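The chain that follows stands alone, in the form predicted on its own, written as structure tokens.
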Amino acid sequence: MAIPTPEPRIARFERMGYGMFIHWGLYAHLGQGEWVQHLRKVPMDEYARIKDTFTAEEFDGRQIAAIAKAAGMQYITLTSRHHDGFSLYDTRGLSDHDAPHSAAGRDLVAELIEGCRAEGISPHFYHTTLDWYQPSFHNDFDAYLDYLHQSIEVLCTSYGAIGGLWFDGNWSKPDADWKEDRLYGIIRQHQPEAMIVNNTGLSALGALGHPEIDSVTFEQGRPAPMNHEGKDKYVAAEMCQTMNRHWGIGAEDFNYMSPAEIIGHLCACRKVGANYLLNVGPTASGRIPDYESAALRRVGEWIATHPEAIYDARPSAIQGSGADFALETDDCVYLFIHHLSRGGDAHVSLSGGGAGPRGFTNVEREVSSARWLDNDEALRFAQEQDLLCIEATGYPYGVDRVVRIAEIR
């Protein structure tokens, strides 16, 4: 069956490959995650007063975009409004529960967009569809949807071209009429090239939704391959994940992913053609914490060795064994090799396998060369019909790239 051609915006999105999710708002002052108001049953009038001390004194849109760029991320998705109803943008009179009416006294979305454009990063915006702050969400849903849709129109008309809008919350009222036709129509009218995403939540990974949706989501779960055959529209996929166990900053959360784990998840996403949207939770003052910043930069150094394999290559019919897999472009194939051994003296290196022959099937092209991308070392290989075997040399002592990539031509 035929595979539909992706819309240009979807094709661009897939080539971005890797993005930064930012969960930040009033909840950062309490340091107990983004759901703290709801889970800890903090009275809303008490919670809303946090905006009187929400100064955002360390929030620097250019610096955040620079961290994303150094990390190899090509887009940022910021929580312009989360479930607590507080907006980081100027709602233009729709509500006083926004950043310009806080101690910050400024439009923080505008600052991030300016920083993103200076660093060549595509700005995208998370926006809640549920709202704990607005009474109409509970007692006059049609009026609430008017408020929500007007809010989205503000985002679509106040900041120039944006890369996409990422919605979250329809799962809170699964039987309600969310008037998605109207919502997405507003976006298509003002931002026809913006990606539209609506998170299906933890319980419905990869579920397709409204026809205007451009990408499905896999929240906190590795994505499955998308079946595009015979579909009316080519839809992308994106996995979103936290670096620790909270989306908003958790002051007592010490359980963070390592750079090696991040590299593993990024590779797993790209294996099936999905993007990887990795979250950071800035401090109350708006700064990305030191560990997150350092870990992301380290992953960026790994990506910088072979960006074409991460951004440009597509899923391949070529099959590896174990965790190994292949991606390809029009003129070459990239083999992603896992679990390589490390060389060195017996006094400093543990014994074990990992180097040696690695086999791949369904290789239809004739292979003329094979080399590691990180050091240009030529690799021995043998090919018979559709079977390719390469001699995967181990890491020299002092090197461990977690996943090593070979270029096959």
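The first residue of the shown sequence is 1; numbering continues from there. Quantities reported herein were computed from a predicted structural model and do not represent experimental measurements.
One more form of this protein exists, namely the form predicted in complex with a small molecule; it is left out here, but the text below deals with it.
Chemist: Should the three residues H38, Y47 and D131 be counted as contacting the small molecule in the model of the complex, with contact defined as a heavy atom within 4.5 Å for each?
Modeler: Spot residues vs the small molecule: no contact at all.
Chemist: Of the listed stretches (260-268, 178-186, 77-85, 306-314), which one has a non-hydrogen atom within 4.5 Å of the small molecule in the model of the complex?
Modeler: Looking at the partner contacts, the answer comes out as 77-85.
Chemist: By the heavy atom within 4.5 Å rule, which residue out of Y276, Y334, Y89, W247 makes contact with the small molecule in the model of the complex?
Modeler: It is W247.
Chemist: Looking at F13, Y18, F21, W24, which is the one with a non-hydrogen atom within 4.5 Å of the small molecule in the model of the complex?
Modeler: The residue from F13, Y18, F21, W24 that makes the contact is F21.
Chemist: I'd like to know whether W166 contacts the small molecule in the model of the complex, with contact meaning heavy atoms within 4.5 angstroms.
Modeler: Residue-level check for W166: yes, a contact with the small molecule.
Chemist: Give a yes or no for E219: in the model of the complex, does one of its heavy atoms lie within 4.5 Å of a heavy atom belonging to the small molecule?
Modeler: Answer yes; at least one heavy atom of E219 falls within 4.5 Å of the small molecule in the model of the complex.
Chemist: Are any of the heavy atoms in W171 no more than 4.5 Å from a heavy atom of the small molecule in the model of the complex?
Modeler: Yes, W171 is a contact residue.
Chemist: Against the small molecule in the model of the complex, would N199 count as a contact residue? Criterion: heavy atoms within 4.5 Å.
Modeler: Yes.
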